[in-house]
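Quick heads-up: it's one chain on its own, the form predicted alone, in structure tokens.
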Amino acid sequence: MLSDSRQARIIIAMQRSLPWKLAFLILIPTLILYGCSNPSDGGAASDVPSTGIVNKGSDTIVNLALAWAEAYQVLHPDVRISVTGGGSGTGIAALVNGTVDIANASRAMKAEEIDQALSQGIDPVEFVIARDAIAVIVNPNNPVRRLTLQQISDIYSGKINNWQEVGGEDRPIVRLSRETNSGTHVYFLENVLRMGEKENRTLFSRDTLLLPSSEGITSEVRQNPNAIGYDGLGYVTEEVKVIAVASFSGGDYIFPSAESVNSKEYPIARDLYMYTAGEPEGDVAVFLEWVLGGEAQDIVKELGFVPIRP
């Protein structure tokens, strides 16, 4: 059995020499083996109390949360962080049910969700942990390069059904969206389809294809020349084309980026959240303090999101 210091040197070496995703795949088995060391084997794990943080929710945030967990556990090997996705609604429901320490959400909690939490004796506390632009994407072979918010709303609501109506070729539009439990879906519905108007009741066209993940949307857009989709900026790859968006007809067409989000020029941008049941304490409080600090925010930038500290 390796000593504490030997384990730490191995983990740190892996982190520095490998891409983070590959390092993560190798790191987890190492941590599991280390955590399972038995005192009778002379392992040092018995000298360090092991605690855990359960973190669940937004699929937009899940890769960021996994990267944070990897980096944090190198610094704090006595704290185990469990990260799963499932959507913002799933994470918030788990917080209300008392089964998670932290809920990830790519939208703010709704009033009815807060009321439900309060009825369970849980007072949700909100933390803005990063920012994100939602990029509208099309196939690279699609000649359309820019759209207004109104045109995007009309496409997704079914008022516009052919690319020719917005300057493209005579092809039917295939609409792609995240599923309804996704915070990205809710944000897009309220702020793009409904243009941020509270009384607006516009809905997605019934033929909109609902996909369970951001990667699924990117993959489908890459393969289908008629498709349009939307994804968090951190999930956009070079295999799709990002559309420049104008807030109104005659306005400037802006591409999503960290700079255009912080300047508030890009019109489809949002905060990303973590929620706790009451003011965080102990390991959860220390972890969230780290999340809001410089090292964790550097990871935000590396993964294509927007740090809360420009």
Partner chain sequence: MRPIGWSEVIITALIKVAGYSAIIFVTLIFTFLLREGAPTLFEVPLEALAQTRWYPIEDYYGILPLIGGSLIVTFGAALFAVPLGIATAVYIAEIAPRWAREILKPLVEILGGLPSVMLGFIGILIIVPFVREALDIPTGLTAFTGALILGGMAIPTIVSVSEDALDAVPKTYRDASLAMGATPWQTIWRVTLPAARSGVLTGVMLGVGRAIGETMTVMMVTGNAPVLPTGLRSLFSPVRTMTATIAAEMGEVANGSVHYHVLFFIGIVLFLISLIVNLTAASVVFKQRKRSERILS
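Everything numeric here is computed off the predicted structure, so don't read it as measured data. Positions refer to the first chain, counted from 1.
The protein also exists as the form predicted in complex with its partner chain; that form is not presented, and the subsequent description refers to it.
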Of the residues 118, 203, 128, 125, which one places a heavy atom within 4.5 Å of its partner chain in the predicted bound form?
-> 203
Select from the listed residues 207, 239, 78, 165 the one whose heavy atoms reach within 4.5 Å of its partner chain in the predicted bound form.
-> 207
Looking at 130-138, 147-155, 193-201, 69-77, which lies within 4.5 angstroms of its partner chain in the predicted bound form, counting heavy atoms?
-> 193-201
In the predicted bound form, does residue 211 have a heavy atom within 4.5 Å of its partner chain?
-> yes
Would you please decide whether residue 84 lies within 4.5 angstroms of its partner chain in the predicted bound form, comparing each non-hydrogen atom pair?
-> no
Check whether residue 184 has any heavy atom within 4.5 Å of a heavy atom of its partner chain in the predicted bound form, and answer yes or no.
-> no
Find out whether any non-hydrogen atom of residue 90 is located within 4.5 angstroms of its partner chain in the predicted bound form, and reply yes or no.
-> yes
Just give me the residues of 166-192, first to last, that have a heavy atom within 4.5 Å of its partner chain in the predicted bound form.
-> 172, 174, 179, 180, 181, 185, 186, 189
